[in-house]
Structures are given as structure tokens and as C-alpha cells.
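Only one chain is given next, in C-alpha cells, and it is the form predicted alone.
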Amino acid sequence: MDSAVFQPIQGMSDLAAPEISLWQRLEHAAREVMRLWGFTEVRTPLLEYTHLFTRSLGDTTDVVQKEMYTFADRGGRSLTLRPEGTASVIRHVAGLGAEGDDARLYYVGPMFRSERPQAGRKRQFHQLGVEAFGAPNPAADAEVIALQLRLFEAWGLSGHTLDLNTRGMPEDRAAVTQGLADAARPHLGALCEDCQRRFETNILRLLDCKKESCQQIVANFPPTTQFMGEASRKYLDDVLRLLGKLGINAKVNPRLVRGLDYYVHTVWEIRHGALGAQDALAGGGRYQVALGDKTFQGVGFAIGLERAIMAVQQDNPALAAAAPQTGAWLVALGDIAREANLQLAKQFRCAGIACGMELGARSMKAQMRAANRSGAKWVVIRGDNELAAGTAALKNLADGAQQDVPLADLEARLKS
């Protein structure tokens, strides 16, 4: 059989032991932080109607033009695997009516983008994201940024920095576009092909082109705040002031725009040295999206979990290490003991004690090998003699110490 049949699609990966335990620990810590900050989970479908993303993200964004997995179903409807989480959450909130106006939601799950796979960036990748709905408010933006940084603290991350900027208000767009066009036009021939296209379709994206030649040109452009109204500049100042009160250092980066059209006011990125040249660990911003006859406003962020795993492995080796041994493995000497252990395993599991056992007839040596592979801390050994005496041999796999324990005391010993 062709070995390729056993391989996942390029840019997509299986997540399994032992690495999956680190994913679970990060998600568990995140859910507790979310609970404390008053956010509840939402799980949206992986597939959405394509127009949800083209309308919310913008027809000219790279995500829509180059990266979405889009296809027609049997009914001829255009469907897309979700490339990000915000649009789906907004669609969900749109169905809640007035109840969704101040919703505080988070999500964890896979997203899909057809781009060149690289370290920490897959075609199927995973995000943890937050959406806090409500009218523009610098305090709400500062709170969500503080929440994101608290998540990183919970994961033991330390080597990250926060870049912040503003996209301004919708009424600033025309002046910003004109100002950037005036600055870019004399250099148009020296810009890359993508930037020449963006000059006509989405000029803000010139500012975050990754090509060094383009970066050198845009480094001399005036900051976009120069073309914005006083209200937009004050909003940014208020966010910075409130972050300062929360003890959060942020660096204003006038070239930061983020890649989606729905952003207004505050945008930010968090960078981490463990990720190399592509060092963006997470990002977020305030957005405004029209669905149907209603405009939805909120602020949120998304964290790429693959990239977070890379950062945790550098910053917090203790969390990234294999989980400590727990639970028990039941070893049976004979058929009667094996059936008795099946009953004992159910008792332990119902009491909250993780345990495992071989269900087929195997030698004691083979059962002990299985116990060592399982990650169990204890081995419980029973044969005819132990069954008759109402005891079990309890062995600590860490140091090899073994003693006979009355069966009535075994559960308490394992729990302790």
C-alpha cells in the first residue's frame, strides 16, 4: 500500500500523545482565566457560507483573495472552511438579538488557510480567541489586552512585547488613503508586485509588507495618525493611558495595521523571540462589521496555539515537560485475578483514580512493560494468594518499593 495514504495532507498535522498533553494543559489554564474574566465559550461550525467572510473580512484582503478554502456543495452553494473566528462569532451573536449586544465569548478550535506551511504556521491551525461586544470604549480595549497578557502569564510566557496602533474611525479612511497614496506614488515602481496591486485595492497593506525593499520605502511614510481626526488620536492616547494604569507597557508601532478590513481604532500584535523572523505570537483589535441591517462592534484577539506551544517550550520547560506519572496499572496473575481486576478498575475509575490493565492473558513481564509505558505511578499486582488474603501488592514505579496493602485500604492509598 502507498505509504502516502498514512500521511496527513501537507500543512495539516495529527495531534497526539505525548504533545497533546501540553495542548490540554494550555487549554485548561486558558478556560480558567476566561471564567475569572467573565467570558463563556462558543463553538461555531467549521464551515460557513463564503459571503460571511467576504463581507466581513473584505474582498481585497489577502485572506479572501489568496488563502480561503472555498468550494461549492452539491446544492451549488459556496462554502468556506473558516479562516478565522471573529466572523463566525459575529454571525452567532447576530442571532441572539439584543441579548448579544454585550456578549463576552471565547472560542478554541481549528482554522484553515491555504498558505505556504512554515514553522508554527499550518494550513490547518488552531486559535484561541476572545470577542467582547459593545460600542467603542478605550477601557474595553485595555481590558481585553490585559486578558490576553494574563493568559500568557498563566502559561509561563515572559519573552514577549506588545505593539499597538490605531486604524482610526471609518470617517478617517478617505484621508488616510489619500495621505498614503501621496507618500507612495513617487516610489510605486520600486514596490513589489503585491504592493503595486495593494496601492489600488487596499493601500494600508503596504505598511505591513514583509519584503525588506518595501519596508525600507514605507519606513519614511508619515504615520497614519497624521491623517486622522483628533477623536481617533485621543482614543489611542486613552488606551495607552489605561494600559499604563494596568502596568502594561505598549510600544506604538505606526506601521502596524493588521490584515483585515473590519478593524477600527485599536489594533495590536504580541511578538515573541522564540518564533524567529515571523515572530507574531498573537494579535487583536477593535472591529466594526455590518451583517444584515445591523452593525456589530467589539474588540477581540486570537492566539495561534501552534505558535504559543513553541513559545511555551522555550519559556516554560516545566509546563512543556511530560505530565507527571499518575494513577495505577492493574497486573493480574491468572484468569480469575484478571476478572477481579476488571471489577477493581471500574471501582477505581468511578472514584476518580485513573487506571489501566491488560484485558487479554499476558505474562507478568509483558504487563509490567505496559505499566511502564502507560505513565502510571503505581502498579497493583494480584494473583490467587492476594485474592484469598484480600490484599494487593502495591509497587511504586518511581523507586521500585513494594508492599502488601489490604484491599480495603487500597483506594485511599492511591488517592493519597
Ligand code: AMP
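The numbering used is simple: start at 1 and walk along the sequence shown. If you're wondering where the values come from, they're calculated on a predicted model, not measured in any experiment.
Form predicted together with this ligand: not shown, discussed below.
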Assert contact residue (this ligand, in the model of the complex, non-hydrogen atom within 4.5 Å, options F152, F125, F227, F133) equals F125
Which listed residue (G283, P138, G179, G100) meets the criterion of a heavy atom within 4.5 Å of this ligand in the model of the complex? G283
Only one of 341-349, 108-116, 204-212, 163-171 sits within 4.5 Å of this ligand in the model of the complex by heavy atom distance, namely 108-116
Hey, in the model of the complex, is R91 touching this ligand, heavy atoms inside 4.5 Å? no
Hey, in the model of the complex, does A302 get a heavy atom within 4.5 angstroms of this ligand? yes
Even though this ligand is not shown here, does R82 get within 4.5 Å of it in the model of the complex, heavy atoms only? no
Would you please decide whether H265 lies within 4.5 angstroms of this ligand in the model of the complex, comparing each non-hydrogen atom pair? no
Across 226-258, the residues having a non-hydrogen atom within 4.5 Å of this ligand in the model of the complex turn out to be R258
